[in-house]
Every structure is written in C-alpha cells, then in structure tokens.
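Structure 1 and structure 2, given next as structure tokens, are two forms of the same protein chain, each shown alone.
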Structure 1
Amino acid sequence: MQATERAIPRGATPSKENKMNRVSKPRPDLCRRGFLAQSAAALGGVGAALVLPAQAAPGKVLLRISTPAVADDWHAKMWTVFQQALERSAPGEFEVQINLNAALFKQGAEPAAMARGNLELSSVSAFDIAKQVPEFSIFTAGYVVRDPAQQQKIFNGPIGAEMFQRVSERMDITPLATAYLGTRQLNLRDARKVSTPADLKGVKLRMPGSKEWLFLGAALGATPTPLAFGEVYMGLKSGTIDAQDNPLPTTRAAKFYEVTSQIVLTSHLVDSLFIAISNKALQAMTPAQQQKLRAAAQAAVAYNNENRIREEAQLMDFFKKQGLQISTPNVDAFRKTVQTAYQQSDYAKVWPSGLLARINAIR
C-alpha cells in the first residue's frame, strides 16, 4: 500500500498511438538522437528528470535516484537541493542522476531495487517499510505522530536510530533523513458539526482499498468506503461517498473543494517519506563521504519540510475563499479513540513494547 496518491487532472486522456509506429522498425540513429535530445532538455530545468546511463565518470561515486514525484512537487525539488548540497561539500566526488515520474522504477519497487544494488537512492514511505519491517507500522497508525515538529524529533532521536537500524538489517537500505509528506484532514460533502468520532457515524468516508486504510477509517468513527482515487471527485459529486481524507495540497490539486462544503482539521495522520540509500552504496563510501551524504539528505528534507508546511498554511485561506467551512474538532478525543482502537487490534501486537508511550512522551 502506498501512502500518497498522485492527483490526475480531471478530463485528461492518453494520447492516441500512431499506428505506423507499431509496425515500423525503429532506426537506431534516430533513437539515439531522441535520447540525447530528451536528456539535453531535462538538463535545462530545475528538478527535471535526468535519465542518464548507469555509469559515472571515472573517480566519481554514482548516485542514481528514482522517485515517482512530478517535477513541480516539493518531493521532487528536494533532490535538486540534495544534488547541489553534495556538489558544494564534495565538488567532483559524486555523480547524481535524478529520475522523476517513476521513469526508472515504479513506485513501491525502489526498496527491492536498492537491496539488489540496481539503485542507490530513493524516498521510501512508512507503508512500504512496514511490509518488510512490521513493527514500523506504528508510524502508519492514526494519531501516533502529532505534527511535523514532533516527527523530526522522533526520527532524529533515539527512536529513529533504533527503528532505522531494524530497517537497515532487514531491508539492506539505510534511511538518511525524514521528509514531511503531509497531514491528512477530512473533507465533507455536506457540512456538519464534528467534535468527536461519534459525530462521523454513518459518514461514508472514502479510503484507499487496503485493510490498513479501512481500519483507520473505521477508527475515526466513519463508515470506510474503498474507492479508487480517480473516482473520488465524481463519488463526492454524486453522493456515492460523503467524505474523503487527504493532505490539503492533494485536496486542492484534485479540486475536491468544488464538490465539498467543509474541511475538518482532524490531523489524523502525519505522514513521512524517508530518503534512503542502498547499504551496498553506503558501505562503499569513505566515512567523510558518508557524512557529506547525510548532511545533503538533511538539507534536502529541510527544504521540503519548510515549503510543504508553508503551502499547507496558505491553503487555509484558499479554501475559505472557495466558500468551504473550516472547523477543528476535539482532537484529543479523536486521538484517544483511535489509539485505543489500534492498541486493541492485531496491528499493535508487533509494535515494540513501550514504543507508543515513548513516542507520546515526545513534545
């Protein structure tokens, strides 16, 4: 299961395939020219995908990056910051190749590619990590991480070190830094007073169609309804669903504000992405190079986090101008109800003893 969903503009359709291209043989000279032209075009734009040969210049450390992020996403732009930070601290030592739009590996396939040594760097979600390190699922549960500030304290402290060590041992990749992915809020088709989970009883809340997401929807007090992301807009418009949950930037990008009346700031899931590197690549570096790599990763997530938080704050005014009501429920009541649901479930059985209490104690 993936933690993020890419908003696709409504009405977009694939381009028609040229029938002649299906039967004619490609000319090697034209293919090569096309590749070089695309590479040159990519080099001209900040954050553009650099799909280059998997070789570095002599004496340089090759760092191939694969991400599904699109060029205008902060999670794409942060890789340019990473690249620039490395070039400043270690000029000429690294060759960083940035591949956006899942051009190199599809979303979710990156951890296996890194473990095999076919990829050096990527951003990995907590949900992808939890597939192989089940105790990491605590960071996919509702109301565990409170806000972006606590998120950084958790993962930059002893808890992060302990959990990242488990990831390194079992997945053969090492998380370097934690990027803020966004805080999920509720978006209601028809406005209502929402103070506690009891106020969401009977609300058909669209959730991604996996058992983990559906459990979270039920814990929030709603009736979780699985629906593909591309169907959410029409589902809200027609009344097939009553609500959806996503970070505010996704709500704007997908134009859900056009078919809803209210945003309830439940802040039920503060999500993360982890800049991670293949252990094989990391261990091949000198200690000095490793230190510079980690510093570049921290610079990248600091850039992402600052801009993501600022964007979410600005969106409040945007939604108000669109006529939506903005309300804040009794978040403590939601947190208590949701955490109790998780603690009584099978999910919590794999969490390290005392870890939830340690996380809750971080302010």
Structure 2
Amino acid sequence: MQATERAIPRGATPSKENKMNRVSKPRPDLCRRGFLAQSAAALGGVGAALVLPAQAAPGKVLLRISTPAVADDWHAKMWTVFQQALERSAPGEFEVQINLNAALFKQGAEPAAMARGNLELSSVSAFDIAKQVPEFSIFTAGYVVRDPAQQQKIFNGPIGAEMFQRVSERMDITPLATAYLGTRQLNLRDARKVSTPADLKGVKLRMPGSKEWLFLGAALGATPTPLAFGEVYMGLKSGTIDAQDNPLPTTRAAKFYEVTSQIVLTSHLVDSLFIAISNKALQAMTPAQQQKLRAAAQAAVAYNNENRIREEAQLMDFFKKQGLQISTPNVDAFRKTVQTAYQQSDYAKVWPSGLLARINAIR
C-alpha cells in the first residue's frame, strides 16, 4: 500500500528534480557510491562523480540540504515542500539542492558540516544535538515526550525557545521548525515473545552510531549494535542484526518489513527532527529572506507531520498484510525500566533543574 499523500500547501507538488528522486526510489541496501551517482544524476545528469557547485547561480542564495532519509519517506518529501514554498514566496532568490540517502554527508555528520559552512540545511535529531548540548539529551530519553501534539507544544513554546538558543550558541546552527519523525517501535527479524525488557536480552538491536542512541537501545534491554541507517536493510537481511527500531512510516518507506517478521509496539520514543540552518547562511540573508525561510520550514514540517500522523494510524493493516506479526508488550514495564535507566544515568544529571517537570506539565 502506498498511503494517499495529502499535499497540504497549495501548489506543493514535487519538482522535476524530486520527481526523479521519487521515481528512482534508491534502495537502502544500495552502496553509498550508488547513492552518489544517483544523487548526481538527479542534480542534472552530472554522471558518476558527485560534482556539486559550491556556489549558487549568480544572485541566488545556495541552500544545500543533506539527509539520510529515503525518497518515499515524509521527511524526505517535506524538503520538496520547503523548496516549492520558497520558490513561491521568493521566486528565483534561492537555489535549493536536496540530497537524500546520506548522499552528501553521512548520517550524524550534518551539524559539523553546517558549522564548517559546507552545508546549509539538514534535519537534525535530538541525539545529534545532545552530543554538543548535553542537556538536550532529555529529548533522547525514552517515554519523556508523550505524543506528537505535546511535542509541538514543547518545541513551539518557551522550552523550545530556550533550548534552541543554546543550540544556536554552541553549535552555530539555528533550528527553524520541529518535525515529528514518528513514534519509534521495535521491528524484529525473527518473531519472539516480547513482553518486558528482559525478553530482549541478547537481541542485537541496531541503533544509529552514537553513545546516546546506544544508551537507549541498552535501556530497552537489548544489545545495541551501531549501524548507519543505509545499512539496516542488508543488516536485517543477512542477520548481522536481529532488530531495528524506527517509526512505522520509516519501516514502510525503507522497506524493512521485507526482511523482518514482527513489530513490537513499545512506543518508546516520540521522536523529532529539527529543520536547522547554519548560522553563517542565516546571517548572510536579508530579514525578508529569513522570514520566508522560516515560513517554508514551517510549511515543510506541517506537511510531514500531518502525513506521518495519518499514516502511522493506518500502517498496522499494511504490515499485517505483508505477513508481519504485530504484538503489544507490557508498555508499563518498558516505561519503568527505561525511565529508571535514564534517571540513574549521567544524562539526567545535566538536565536543567525543573525541565522534566515543565515538560510533564504540558498537556
């Protein structure tokens, strides 16, 4: 099933470049060189070598985007919405280059590339931020944020403003808008009974490669195994990993359901991605351009969030039809174990005093 896409902003149909991205549907199991060639081709048939202009056409503001997202996922498509919103509000002013599948920078390397001025935009995870702004790890902790509505209130209110200020000062990037990546669920290669974290003992659970992610995997009771997103499909297929965790729309878009047999609805993390821009690029813009940029980022996340929330509610049937078992564990047991692990960790020691209570108070 391909869920019906709601193109929210008027005229937000994919551009020619991104239609190419969508039609070519690069597979997560393709090698990075393949992605590079594909991306280069999508950018104008340059050929196998990735030759990206370091500068935009004369008079245009260059906005290079890099994301590990696969073309069929909402947080990949949202960049087309962003691009087209800018083209409508500021015709001819910006040159937006969308690079999917980690074709330009590997997963997690984007913030450093932005700070160095080699990349303008990306969707940055709380985990990437927590590496440099440790108190942001509160948003990497399982079972803290309750649902997407609360997530938006948190980041669009005073807490978001305070935390984004710290990000801007310490990382030299500015978050512009908060995308709901989805609620992360476990997805196992071989079905097994999973009721509590103890049932995951010894399960090689793939996590993205940073200590913040690995901590979450361990807190769930599994044996966390670092692997880049683009290698997960093959890892599951070959059996080098036993499981992965991602929101259901991503498990569909990256086709992980083809190489797994069970989804366990742990709902352990209401995950976010922050559309962020390098401060260097932001400061080089006029106030009017900055305002249009912010509006385009808001349009992009609105598109992502609505489509993703709708699809999350529909996907269970799809996975069942694909032959997957869907099981519901003892979520209270998972919540208790994971929350205890975080409370007793060094992460919680740097959470600003009272922040957890303020988050909890947001309804």
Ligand code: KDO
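Take the two forms, superpose them, and find the largest set of C-alpha atoms that agree within 1.5 Å; that set is the rigid core. Quick caveat, the model's predicted, so the values are computed rather than measured. Every residue number counts along structure 1's sequence, beginning with 1.
Asks: Of these two forms of the chain, identify the one that is the form predicted alone.
Replies: Here the form predicted alone corresponds to structure 1.
Asks: Core aligned, does the CA of Asp72 move at least 2 Å between structure 1 and structure 2?
Replies: For Asp72, whose C-alpha is compared between structure 1 and structure 2 after core superposition, the shift is less than 2 Å.
Asks: Aligning on the core only, does the CA of Phe136 end up 2 angstroms or more away between structure 1 and structure 2?
Replies: No, shifts by less than 2 Å.
Asks: Align on the rigid core first; then say whether the Cα of Trp351 has moved by at least 2 Å between structure 1 and structure 2.
Replies: Moves: no, less than 2 Å.
Asks: After aligning on the rigid core, report the distance the C-alpha of Gly239 travels between structure 1 and structure 2, in angstrom.
Replies: Core-aligned C-alpha shift comes out at 13.0 Å.
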